[in-house]
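One chain comes next, on its own, written out as structure tokens in the form predicted alone.
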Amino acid sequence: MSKAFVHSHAAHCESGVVSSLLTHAGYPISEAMAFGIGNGLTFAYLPIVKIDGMPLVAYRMPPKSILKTVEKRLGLEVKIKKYSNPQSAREDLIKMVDAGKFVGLQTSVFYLPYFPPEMRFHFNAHNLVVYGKNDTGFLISDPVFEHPVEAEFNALDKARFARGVFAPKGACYTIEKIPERIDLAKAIKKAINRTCNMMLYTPFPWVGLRGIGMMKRAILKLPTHPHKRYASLYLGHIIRMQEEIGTGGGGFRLMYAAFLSECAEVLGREELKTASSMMGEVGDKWRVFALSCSKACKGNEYSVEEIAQKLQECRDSEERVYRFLKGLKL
């Protein structure tokens, strides 16, 4: 390889991979900055998209959204490829690795052999970096693991071609070119305004603050469901989507708080530190909401009204942050 790869442990897979690839390509950037510039923060409640029979609840943008938005904001040249079969995908990956390239992949968690069995589930939007190979497989920097890992050729083939929601189809990506001059301040301002507008003014009822309201109404209807166990399964699903898949709702808000803190330094705007503190409190509220759902799942006394109220507090706190940021007129 042309240069040594340094593994970095990150909070979230896609933002961690983007940060790592950019840093190794010569433009050091933190995971929080990659997440914020990539407009990773959102909320979506999608009843028509099912995960294990339950509505999809998302706290970040769809797979590849962070990568593509960072590419646009910073003026990068990113090459993204998909494949029709595992053999051609593997052969191409070997060629790229032999050429000294560090390659980002989209995979399924379920087929990655280094994940403990209890952590494997059918989630096809997991990102990692392949930085080398040996006789039996590929050397991997998976940002959610503390140390580099390995995957045999056949195992990674399965992970890259898993079927279902967000099927990766062998997707891989490399950073081909970084411009000589990047206007980071301009990218930050555009990113913050876009996130605020998406959360506050989306026309879609299942996205942003409106989406949080939709999930609240669904929670309030749980007692009317004909199956007694449905409420517990539904609340457990929310916890899993929030706290286990990726970084989760609270974690993404805390990452965005770190982004705003970095932005305060780049832009010289102390008000952004206030916004960072406010967003940190939002992250804490989401975790309190998850805890209330957890207590209900364990059979403790609970009321859907109390859980819905915790969710309403999350929504209201988020709205205050976005309106505060809009008021700064960045």
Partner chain sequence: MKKDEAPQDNIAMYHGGRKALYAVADEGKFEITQSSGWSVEEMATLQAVDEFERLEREAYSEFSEGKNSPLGVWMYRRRMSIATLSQCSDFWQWSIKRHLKPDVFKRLSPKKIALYCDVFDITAAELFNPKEPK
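Keep in mind it's a predicted model, so treat the numbers as computed, not measured. Positions refer to the first chain, counted from 1.
One more form of this protein exists, namely the form predicted together with the partner chain; it is left out here, but the text below deals with it.
> Of A58, L272, A32, L67, which one comes within 4.5 Å of the partner chain in the predicted bound form, counting heavy atoms only?
Replying inline: So the residue touching the partner chain in the predicted bound form, by this definition, is A32.
> Since exactly one of M96, A258, M215, V149 fits, which has a heavy atom within 4.5 Å of the partner chain in the predicted bound form?
Replying inline: In short, A258.
>> Taking any heavy atom pair closer than or equal to 4.5 Å as contact, tell me whether G104 reaches the partner chain in the predicted bound form.
In response: Although the partner chain is absent here, G104 would stay clear of it in the predicted bound form, with no heavy atoms inside 4.5 Å.
> Looking at the partner-bound form in the predicted bound form, is D52 within 4.5 Å of the partner chain by any heavy atom?
Replying inline: Taking the distances in the predicted bound form, the answer for D52 is yes, it comes within 4.5 Å of the partner chain.
> Does the partner chain come within 4.5 Å of any heavy atom of S276 in the predicted bound form?
Replying inline: Contact with the partner chain, yes.
> Might F110 be said to contact the partner chain in the predicted bound form, defining contact as any heavy atom within 4.5 Å?
Replying inline: So F110 counts as contacting the partner chain.
> Hey, of 130-138, 180-188, 115-123, 76-84, which bit sits against the partner chain in the predicted bound form at 4.5 Å between non-hydrogen atoms?
Replying inline: Heavy atoms within 4.5 Å of the partner chain in the predicted bound form occur in 115-123.
>> Please determine whether each residue of R229, R240 and C297 possesses a non-hydrogen atom within 4.5 angstroms of the partner chain in the predicted bound form.
In response: Checked in the predicted bound form: all three residues contact the partner chain.
> Mind listing which residues of 93-108 have a heavy atom within 4.5 Å of the partner chain in the predicted bound form?
Replying inline: Contacts from 93-108: none.
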